[in-house]
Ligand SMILES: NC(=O)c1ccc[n+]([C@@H]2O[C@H](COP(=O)([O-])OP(=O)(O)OC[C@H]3O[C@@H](n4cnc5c(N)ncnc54)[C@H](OP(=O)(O)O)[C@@H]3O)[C@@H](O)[C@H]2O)c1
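The chain below stands alone and is given in structure tokens; this is the form predicted alone.
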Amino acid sequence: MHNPALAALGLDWRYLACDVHPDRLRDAIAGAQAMKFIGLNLTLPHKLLAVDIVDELDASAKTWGAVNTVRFEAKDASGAWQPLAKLNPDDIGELRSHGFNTDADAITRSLREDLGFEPRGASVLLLGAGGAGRTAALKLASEGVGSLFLVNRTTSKAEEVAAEIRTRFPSVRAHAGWPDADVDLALNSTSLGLKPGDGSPLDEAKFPLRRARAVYDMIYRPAETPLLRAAKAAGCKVANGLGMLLYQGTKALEIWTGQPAPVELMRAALLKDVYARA
């Protein structure tokens, strides 16, 4: 989605995918900075690691405790830090990396648009309490969900996130474990469903899908995971993570370029690339 958007904005830039081992993340960020990259996107497991690597954290990264977007900056003639996109390459001296989080806002925007879900006062079952799950939990809590149930393969991790929510957002009822009543939303932040042969991340013996009014899976490829297929059969309203992918990407582009992102062009590019739609 980024390369068509860059072309539409008249920018002679390229968005490239690079595999980086977690042990080499610091080197990779430093290398990109030295080569005067405009910025980076980071995916799992780099989002949490980068918090302690980048030079500066935006309020979004501090709030949600994860970095998925990096913007490289340099000082201008007055000594103020500016994005590299605003500077003449020949005038670039001292550099720094600035970390942002665009995932959190993307989650709730997609939930509202794709499911008509309003967080305030709602009950949510969240599957997975890792990086993406923690960000989702904190963002939903910040928007006033009534109750949040966290289920994770490692129970202690779910308990840790629930305790953090109770401390930061005391009005939210946060629990580690399965709900004992219907919920407005079940949200999957785990990777179960990405690979062929994967089962559902939800144990229906502990929580039947018919007790969830809506189900959102952060996975977008395949378009219909085992969880979403079962949820649809159970009569739930369903959506996958394509909207979240789109909106974290549009915001990242705006952070790098300082220009409004061509959202519909980027949406069309995603649909074509991910689902081979014209």
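Bear in mind the structure is a predicted one, so any value in this text is a computation, not a measurement. We number the residues from 1 along the sequence you see.
Keep in mind that the form predicted in complex with the ligand is not shown, yet the notes after this line are about it.
From the list 25-33, 215-223, 228-236, 50-58, the contact stretch for the ligand in the model of the complex under a 4.5 Å heavy atom rule is 215-223. With the partner removed from view, the residue among Arg168, Arg112, Lys206, Arg153 that has a non-hydrogen atom within 4.5 Å of the ligand in the model of the complex turns out to be Arg153. Between the options Ala132, Leu140, Leu125, Val161, the residue in contact with the ligand in the model of the complex by a heavy atom within 4.5 angstroms is Ala132. Within this chain, Ser147 is remote from the site of the ligand in the model of the complex, having no heavy atom within 4.5 Å. For the chain shown alone, Thr190 is a contact residue for the ligand in the model of the complex, at least one non-hydrogen atom being within 4.5 angstroms. Among heavy atoms of Gly241, some come within 4.5 Å of the ligand in the model of the complex. By the criterion of a heavy atom within 4.5 Å, His98 is excluded from the residues contacting the ligand in the model of the complex.
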